[in-house]
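Single chain ahead, written as structure tokens, the form predicted on its own.
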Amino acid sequence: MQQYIIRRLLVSIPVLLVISMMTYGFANLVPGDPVSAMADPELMTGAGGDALRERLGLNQPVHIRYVIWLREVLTGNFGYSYHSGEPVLKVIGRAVLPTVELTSVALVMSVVLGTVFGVVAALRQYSLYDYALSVAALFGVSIPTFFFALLALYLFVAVWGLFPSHGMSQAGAEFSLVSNLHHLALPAVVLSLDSMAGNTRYARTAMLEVMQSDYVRTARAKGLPEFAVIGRHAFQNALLPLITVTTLRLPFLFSGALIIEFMFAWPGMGRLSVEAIYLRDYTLLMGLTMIITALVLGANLLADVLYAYADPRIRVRG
């Protein structure tokens, strides 16, 4: 297993390299640059703008700038933000914890509730609950996340006033766990809806398939309690597709957080990505891209490792 993990990590290096090249190239194809995105019009045109571009190194060809950026990254230096002048890792570090908080809560909600809903629907197949949950899950995977966010902002904030509309805590007040959870509840629920609906559908399908297996019928014939049959024999063997869905949806939670964080003014990596794109902050955008790419590759590796623990029949061979 250790050799397999090391091999997968080595394969990830060229993948990261190719993605960094593509991202850097596409970012520089967008009209404008960090200087033209600055607020002071005196720096955008004329000699002042040219001098600033030369000082920032933006007057060099794209491939030269990429090689310089890559060389610095290999030494652990992700550069400085063109907009704020702060180190990129410092800027991203302030946004990591809010994003981790939001996505972790959304992930737990989607996995736990989605799995429970799907298992119960499978055990009560063709019941009113099964039909209602199937329709709700279909709506959940079909409707875009931003629509749920707009609906939640309108109903729970504008009409009923049950939740705050933005931020992590009350403005101007000291940090409070109760206030933080109050601000977190609505965006976390909205972010989890798509994954929860997908987990519900996969859990229902996996359980229905497993419940028809010979070993489940044998366990019932031996007189085992229904709880033991479902929990120990059926659900354990239905975990493999759920592990795949959960781990591969982890990066999509971060991409969905981009929209949710922007709409709820949540100070995380998603909102920071939008600001980096708007300000054409190449170095900050590249740092965020590398982190998201590493999360995607890590999620794939995590799925393979969890397979071996969920099913002893799966073994990684050299």
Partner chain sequence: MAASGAAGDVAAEVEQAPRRGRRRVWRRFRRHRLALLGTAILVVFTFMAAFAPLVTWHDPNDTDIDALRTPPSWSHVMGTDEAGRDQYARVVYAGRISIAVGLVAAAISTIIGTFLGIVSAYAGGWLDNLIQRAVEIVMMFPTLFALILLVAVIGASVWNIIFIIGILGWPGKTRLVRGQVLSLKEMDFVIGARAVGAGHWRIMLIHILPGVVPYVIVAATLTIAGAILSEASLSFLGLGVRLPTATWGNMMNAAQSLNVLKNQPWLWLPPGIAISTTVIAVNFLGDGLRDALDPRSTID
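C-alpha atoms forming the largest set that superposes within 1.5 Å between two forms make up the rigid core. Nothing here was measured: the structure is a model prediction, and the numbers come from that model. Positions refer to the first chain, counted from 1.
The following text describes the form predicted together with its partner chain, which does not appear among the structures shown.
Asks: Taking heavy atoms and a 4.5 Å cut-off, does residue 277 contact its partner chain in the model of the complex?
Replies: Yes, residue 277 is a contact residue.
Asks: Within 4.5 Å, heavy atoms only: does residue 60 come near its partner chain in the model of the complex?
Replies: Flag for residue 60 set to no.
Asks: Since only the chain is shown here, I'm wondering whether residue 97 would be in contact with its partner chain in the model of the complex (any heavy atom pair within 4.5 Å).
Replies: It does not: once its partner chain is placed as it appears in the model of the complex, residue 97 has no heavy atom within 4.5 Å of it.
Asks: Heavy atom to heavy atom, is residue 132 within 4.5 Å of its partner chain in the model of the complex?
Replies: No.
Asks: Just give me the residues of 137 to 151, first to last, that have a heavy atom within 4.5 Å of its partner chain in the model of the complex.
Replies: In sequence order, 138, 139, 141, 142, 143, 144, 146, 147, 150, 151 come within 4.5 Å of the partner.
Asks: Is residue 20 displaced by at least 2 Å at its C-alpha between this form and the one not shown when the rigid core is overlaid?
Replies: No, residue 20 moves less than 2 Å.
Asks: Return yes or no for residue 80: a CA shift of at least 2 Å between this form and the one not shown, with the rigid core superposed?
Replies: After core superposition, the displacement of the residue 80 C-alpha between this form and the one not shown stays below 2 Å, so no.
Asks: Aligning on the core only, does the CA of residue 254 end up 2 angstroms or more away between this form and the one not shown?
Replies: Comparing forms between this form and the one not shown, the residue 254 CA shifts at least 2 Å.
Asks: Since the CA distance of residue 256 and residue 121 differs by 3 Å or more in the model of the complex, is it closer or farther than in the form displayed?
Replies: Here the pair is closer than in the model of the complex; there, farther apart.
Asks: Closer or farther: the C-alpha atoms of residue 248 and residue 295 in the model of the complex, versus the form shown, with a change of 3 angstroms or more?
Replies: Their C-alpha distance grows by at least 3 Å in the model of the complex.
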